[in-house]
Structures are given as structure tokens and as C-alpha cells.
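This document starts with one chain, in the form predicted on its own, laid out as C-alpha cells.
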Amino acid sequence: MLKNKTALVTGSTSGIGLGIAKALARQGANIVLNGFGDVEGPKAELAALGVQVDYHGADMSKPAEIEDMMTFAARRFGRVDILVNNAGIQHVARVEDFPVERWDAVIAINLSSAFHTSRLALPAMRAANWGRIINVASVHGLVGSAEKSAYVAAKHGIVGLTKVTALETAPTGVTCNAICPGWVLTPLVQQQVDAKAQALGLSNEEATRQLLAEKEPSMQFTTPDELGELAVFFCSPAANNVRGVAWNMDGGWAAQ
């Protein structure tokens, strides 16, 4: 379905971003990866799906590096047809204790980076009259949780940016939508499980059960593959008129 299209996925060397990149690659899209950690493993996985793969290591807190990444992707593949804004970090603290530099970093990477990539991708999408911007928000773009002020603020901002971008592109073949996952067993969430287990003297299984029981009625994690298939739907003809939604895949979290 996506043969000859190019997808740039930020924060895609592991976790949700890699799951989405794989799903798009299975549909024939060429992939530009971005992120830290192991790069060669994800590149090899994607190349094995028969698509072209490249990588840019832009620090998503730095607009100049984001601009360089977008220029690189356009030079390598012609243009970015599908932009997936997934890069994100987390820090947990009460508002009065939240380190200012961590607030700035969370807002820069989780919110401002999506503005920068979108503003740079949109002109070519408009010219082609086809494009997909998929912002990976969170259930925290819809509801709050204590001690996550920067993350919740950024993800609410992502949902707002999604709506505005969708309205501005509404008469065109370009769409913008957000995915709002609940708990996904990524390395970031596994760290929270491990910390809970250590702090409370629990087994990993019991810590996982307690983590899910706090918020997610389904008592199961969403998987990166499931999120990837939702991204594929957003890129399909069936989603041509799906615009500006914040689609939660959260096991009933926001329904409570």
C-alpha cells in the first residue's frame, strides 16, 4: 500500500517508534530512522522487509539538527510522505520540585520537535497533495497523572498541535492525527516496573500487575505492533477523512 512512499519516524531505534517503522515497512514504505542506542540492528530488521532504510541521529531538542535531518531525508528519498513524531522522554517530580532544565528538555523533545518536523515536512506534502503526519501523544494527552507535569503538558500540547495541523490541511490530501497509547511495555515503562518492584520488594510479575491495575482496566499492555497497525490505517485510503483525532489505544484508561 505504501510502496514508493517514505516515512520518517523519530525516536525509532526501539519501542513504539520501531514498532511503527516496521509496520510501515511491511506496507512497502522506505524508512528514515532516528534515535539513540543500537542503530544497526533496527536497520537490518527493516531492510530484511525489502525496503530502503537510512538513519539520522538528530538530537530532537535542537532545531538546527532537526532541520538537518529533514533536509537529509528529502535529499535521500525526495520527500517525507509520512512523518511520525514519536520521540519522547519522561521525568517524574512534583511541580514545586521539578528541575527547570528537565521541564525544558521534556517540552523540547516531546512537543517542540513535532512542531519543527511538521513545519518542515508540510510544504512538500502540500505540493504533492498527499501526506500523513502521525503524532504519538499518550493517554496523558487526554488525562493527567500526578508528578508528570511536563509530560502531560507536552502531550496535551501534541493533541492541540494535531488538531490545528488537521484544520490547516483539511481541504488537502494531507492528514494529521494523534495516537494516544496507555501502558506499552517499552524500555521506559520496564524501568518503571523494575523501580516499583525494587521499592516495594515485589516480583516483577506482581509489580507489572499493580502498575496495570492502577490505570488500565484491560490489565494488558498495548504492543508496539498494535500501534504500528493503527499508523498503517491512518495512512490507508480508508482514513482519507480521518482528521484531527486523538485515538486512544489504552485498554479503557480514559473511559473511566
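One rule holds for the numbers: they count along the sequence shown, beginning at 1. Owing to the predicted nature of the structure, the values given are computational and were not obtained by experimental measurement.
There is also a form predicted together with a small molecule; it is not shown, and the following applies to it.
- Stretch 174-182 is the contacting one of 174-182, 94-102, 124-132, 160-168, since its residues have non-hydrogen atoms within 4.5 Å of the small molecule in the predicted complex.
- Between the options 58, 212, 197, 53, the residue in contact with the small molecule in the predicted complex by a heavy atom within 4.5 angstroms is 58.
- When you look in the predicted complex, the only residue of 73, 83, 150, 136 with a non-hydrogen atom within 4.5 Å of the small molecule is 136.
- In the predicted complex, at least one heavy atom of residue 188 sits within 4.5 Å of a heavy atom of the small molecule.
- Proximity of residue 228 to the small molecule in the predicted complex falls outside the 4.5 Å heavy atom cutoff.
- Residue contact with the small molecule in the predicted complex: residue 248 places no heavy atom within 4.5 Å of it.
- Although the partner is absent here, residue 15 lies within 4.5 Å of the small molecule in the predicted complex, judged by heavy atoms.
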